[in-house]
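Heads up, the chain below is alone and in the form predicted alone; it's given as structure tokens.
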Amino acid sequence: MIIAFTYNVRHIYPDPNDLKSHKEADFDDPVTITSMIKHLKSAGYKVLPIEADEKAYLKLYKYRKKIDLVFNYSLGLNGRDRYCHIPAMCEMLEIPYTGSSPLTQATTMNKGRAKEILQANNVPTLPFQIFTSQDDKLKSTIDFPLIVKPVAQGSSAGITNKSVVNNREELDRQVAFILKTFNEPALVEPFLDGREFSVPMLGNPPKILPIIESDHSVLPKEYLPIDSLEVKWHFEETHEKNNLICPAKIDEQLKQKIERICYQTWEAQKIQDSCRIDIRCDSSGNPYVLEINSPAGMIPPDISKTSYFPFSAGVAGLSYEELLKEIISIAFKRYN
């Protein structure tokens, strides 16, 4: 079986103080890509690596008769809807691929569009506003403290200690940072101070793997209690004391609420094969969907012990290679 593995490579490790690094935070280090290819081969597949750059279509076209399935781990290179590039190419060439359709990929990438779909389907998500300029007037329906994010980035790109704002001056500063750094609008929503969870989902229909909680109480005082660029790419990767609890220690009532919201999100967005959904609670313990990660990060455990999806799968008893094989098998069943 020949698996084409599509991916994007970063050239600068994420650094809150390096604007260029924010633009590649969604991508993966060369060592991660090399390790994933090695694991796919160890799982028994012939692997055709294809970097999801401007030449990706040419390679997919050239090998389309030989490729059995594309393992899509790419996030696209350019444009507002880059997450849907490889799925769209695969559909044009009639090549089976893992993960969601181009439409779903585009609407999960854009946090504003994703929230509109969730709101239309009565899935709990926060009120929000899209800022295209520092001069935009703040809606009366949302109030400080707020959190400011890029509207269409993942892996905590653009989310730092400065992202939580408490007044108009701080809001203007952070909106300007997003507009300048990413050349895209900023999404602004209320900042919740409750517990935060990450929920991996796998299958068609999906099953929920062990829920992860980000325990912000163990973070150093200089870090805000959010999954920022500093926390995800520096604290989690360098500190012996892990801030991730899996399975999360939650009562049955909250667990059922979170699971119900995640199943509703999966159905509303028409997700396929796998994803990871980020949930945060307010001070009363009510959970809300923050965003959908598709494809979810899949850094092998020999590279990182804190990549959420493999971490949760390991708790469920799935080795990394078993997880890869399961994702491939699930996608094959959709086509067959």
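Residue numbers here begin at 1 and follow the sequence given. What you see is a predicted model, and the numbers here were worked out from it, not measured in a lab.
What comes next is about the form predicted in complex with a small molecule, which does not appear here.
Contact with the small molecule, judged by heavy atoms within 4.5 Å in the model of the complex, is confined among 71-79, 94-102, 183-191, 260-268 to 183-191. Of the residues 129, 110, 156, 243, just one reaches the small molecule in the model of the complex with a heavy atom at 4.5 Å or closer; this is 156.
Proximity to the small molecule in the model of the complex, defined as a heavy atom within 4.5 Å, holds among 226, 178, 211, 201 only for 226. Although the partner is absent here, residue 215 lies well away from the small molecule in the model of the complex, with no heavy atom inside 4.5 Å. For the chain shown alone, residue 170 is not a contact residue for the small molecule in the model of the complex, no non-hydrogen atom being within 4.5 angstroms. The closest heavy atom approach of residue 60 to the small molecule in the model of the complex falls outside 4.5 Å.
Although the partner is absent here, residue 278 sits close enough that one of its heavy atoms falls within 4.5 Å of the small molecule in the model of the complex. Against the small molecule in the model of the complex, the set 147, 196 and 291 is in full contact: each member has a heavy atom within 4.5 Å.
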